[in-house]
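As structure tokens, one chain now follows by itself in the form predicted on its own.
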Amino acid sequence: MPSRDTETWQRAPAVPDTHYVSGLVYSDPEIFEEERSKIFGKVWALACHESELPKKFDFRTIDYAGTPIIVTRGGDGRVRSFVNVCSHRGAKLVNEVSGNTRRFICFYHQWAYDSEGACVGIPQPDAYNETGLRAEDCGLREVRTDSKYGLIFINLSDEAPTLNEFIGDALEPLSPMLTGTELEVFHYQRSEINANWKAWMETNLDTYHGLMHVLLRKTQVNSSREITLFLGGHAATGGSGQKYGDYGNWAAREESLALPGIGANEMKNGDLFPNFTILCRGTVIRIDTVTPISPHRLLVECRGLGVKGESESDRHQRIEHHNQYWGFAGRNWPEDAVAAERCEATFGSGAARHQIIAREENLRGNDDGMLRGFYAEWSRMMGRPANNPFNRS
């Protein structure tokens, strides 16, 4: 095949409009700001796992697409979330990542709030009597919070559908693993990567990219994978057997460590649009959440889940299984980060014009169906076609 000149390089790929993506969706600042409001401002997003808030008055803070959030378990045991902003002068209320407290006290002027978001303390309050300001009118801005299978989700929109309506049946293939035994987070890492947020999500949606990983080329039987697409851009994969013994001195994983509903050497994944992935690799679960920072930078948070109360030796083995693939020194995670940043190097500069998502294998093996489902939902919510977001000829 000959090389291409400028005109043919810039020309749209000769595939259906749904089977390629414009490079502008990764780099244009207008699109990025619209994504924050039209997508992240309206969908349900994972805040944490319930095991991260085990006791009353435990809290965690997160930054979600430019909005700081407090997630806390109140004295009544209910988990609530609030925008992490003091009602008085707009200062960030809580700076710690996690902790346990009955009251959130702003460092600036010592205004205080309880775990249900009520303003319960204003120093020297009499000076506000003349203007009529009352503590009961100064509570925190509550954010919708709900949970499913031990996963705690938030939604910035008061009008969005319920969590169950949003998820639909998308997590059903993974429900035995998530509910068959009590789980807890044993590993948490957060990393900022120099890439657009969608570039990381694509590493979890693009089954074809397994060819990048030496480990997967040796151990994973791609042709057996089955892909299921759900409404709303969600997807799931399963039926992929792993031959761990084909890699170095590794051995097949022990069935005694297998999570409910999956064999120790099986793999099942689930993706919720736009930024959430569960990867179940037989004996351990990894959860990814991706948060946009700028058009060219993302935050990815990874959680490893194991069985609560298991023996020390079983936990040690489970952590080893997790880290073989997904730790900082693992085989896959660093390569995924490099892939996202290499795409950023070209889409961010405008050197790359399009991305092709045209593999068709009847939703088996390395079909690009999950990517097409993702961008179909992206296009719907954005009101822009992903292949030509500015309708340029």
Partner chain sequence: MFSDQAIREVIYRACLALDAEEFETFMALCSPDFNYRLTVFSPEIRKDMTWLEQDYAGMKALLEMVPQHMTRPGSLKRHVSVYLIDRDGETATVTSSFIVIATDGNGKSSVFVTGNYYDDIDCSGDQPLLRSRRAHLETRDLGTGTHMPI
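Positions refer to the first chain, counted from 1. The structure presented is a predicted model; accordingly, all values stated were derived computationally and were not measured.
Keep in mind that the form predicted in complex with its partner chain is not shown, yet the notes after this line are about it.
For the three residues A47, E142 and Y149, a heavy atom within 4.5 Å of its partner chain turns up in the model of the complex in no case. Proximity to its partner chain in the model of the complex, defined as a heavy atom within 4.5 Å, singles out one entry of S157, N164, S175, S98, which is S98. For the options A91, A252, L133, V214, the residue carrying a heavy atom within 4.5 angstroms of its partner chain in the model of the complex is V214.
Remark: of stretches 36 to 44, 345 to 353, 51 to 59, 361 to 369, the one touching its partner chain in the model of the complex is 51 to 59 (heavy atom within 4.5 Å). Its partner chain in the model of the complex comes within 4.5 Å of a heavy atom belonging to E341. Looking at E182, you'd find every heavy atom of it more than 4.5 angstroms from its partner chain in the model of the complex. By the criterion of a heavy atom within 4.5 Å, G327 is counted among the residues contacting its partner chain in the model of the complex.
Though the partner is left out of this view, T289 does not reach within 4.5 Å of its partner chain in the model of the complex, counting heavy atoms only. Along 333 to 370, a non-hydrogen atom within 4.5 Å of its partner chain in the model of the complex is carried by W333, P334, E335, A337, V338, A339, E341, in order along the sequence.
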